[in-house]
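The chain below stands alone and is given as structure tokens, in the form predicted on its own.
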């Protein structure tokens, strides 16, 4: 048993999974991620700002390396244009986003789960960006390799969404619980005679060759382009390629769908929680069951795009309590829209952690 924070687990698992380089600009609450990565990664660079950070990540990615950064909302906001560039150029990048209370600089040392709706709109055009949440300390070990492999195999930026509490708080933890992390698969190319930078395979993802290779010319383009990477305006081929960027993310969703589901026979109540609220929800579940209540629990790791399994699970329950540390209910909006659904209740907070007692009281109030 040791005392450990989520930052150390995230960085160690990424390093073991084969992440090649870390580029960062220190910002609270991602400081420990930055510090550990500088010490642990095969290569690490301190950038002068977050815009430069993402530009350097794209450059490393174009050469065939798997790059990683960590930041929080103010830094992520500066990265937005370059993340869109990586999305359009189909460059694998992993961003660890440690949430804190906003808006703007907000309170750097106060936790919150307030960036999910931002991530849903990160890519211009509303195209989906894979977002994986860390809900429990064990997730800090298992989710980063999944994010890295998803980025590499789908040629896309991927966000690991975590929080100030998870990456800065010291938890008691049994290291023996950790499974082996193996280097992730990387997308390559067996193309000896011919290569097109954006010619899709059966999974709608193009094979990858790094710039500077001695086999074929590689064109990477952030503007609308055809399968050769040549700039287009509104040609059918150019628009088809842009539409493919979205289709490849949804077509391969099952490859990176992860969630924890604890179902109880006969239950008509489901608690859904993510991020900071997940640990409180697990404790609330235990207390409710000790009282004889039949309750199930869903902790979704894959937040965006929404896997088809979630609506199917939630349709089995008359009452659904969505627990999250933001005011408006980001995940509730993503799952049920602004109109909601009969029986769906939000348990929310602003600027403070939700307690198990609050969740229990809401469920026992029978106000779903």
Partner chain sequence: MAESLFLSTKPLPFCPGCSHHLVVRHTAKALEQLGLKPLEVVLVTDIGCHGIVDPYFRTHTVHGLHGRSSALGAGIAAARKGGKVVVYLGDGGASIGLQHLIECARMNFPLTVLVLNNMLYGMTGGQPSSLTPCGFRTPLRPEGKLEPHYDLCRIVHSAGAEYVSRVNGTGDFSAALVEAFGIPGFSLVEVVETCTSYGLKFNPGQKTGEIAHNAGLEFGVWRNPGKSVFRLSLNTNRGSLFKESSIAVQWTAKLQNRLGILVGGSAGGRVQQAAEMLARASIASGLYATKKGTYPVTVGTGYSIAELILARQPIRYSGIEVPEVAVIVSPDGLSYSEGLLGEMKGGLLLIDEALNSPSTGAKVVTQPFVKTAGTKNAALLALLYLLKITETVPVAALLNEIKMASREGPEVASRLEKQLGQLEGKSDSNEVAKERD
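Numbering follows the first chain given and starts at 1. Here the structure is a predicted model, which is why all the values come from computation and not from measurement.
What comes next is about the form predicted together with the partner chain, which does not appear here.
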### Query
Out of 280-288, 144-152, 122-130, 249-257, where are the residues with a heavy atom within 4.5 Å of the partner chain in the predicted complex?
280-288
### Message
Within 4.5 Å of the partner chain in the predicted complex - does that hold for a heavy atom of every one of 3, 40 and 219?
### Response
yes
### Message
Give me the residue from 304, 62, 27, 314 that has a heavy atom within 4.5 Å of the partner chain in the predicted complex.
### Response
62
### Query
Quick one: of 267, 298, 85, 184, which gets a non-hydrogen atom within 4.5 angstroms of the partner chain in the predicted complex?
85
### Query
Hey, in the predicted complex, is residue 175 touching the partner chain, heavy atoms inside 4.5 Å?
yes
### Query
Given that the partner is absent here, does residue 36 sit within 4.5 Å of the partner chain in the predicted complex, heavy atoms only?
yes
### Query
Can you check whether residue 334 is within 4.5 Å of the partner chain in the predicted complex, heavy atom basis?
no
### Message
Is it the case that residue 235, even though its partner is missing from this view, gets within 4.5 Å of the partner chain in the predicted complex, heavy atoms only?
### Response
no
### Query
Which of the residues spanning 222-236 lie within 4.5 Å of the partner chain in the predicted complex, based on heavy atoms?
222, 223, 230, 231
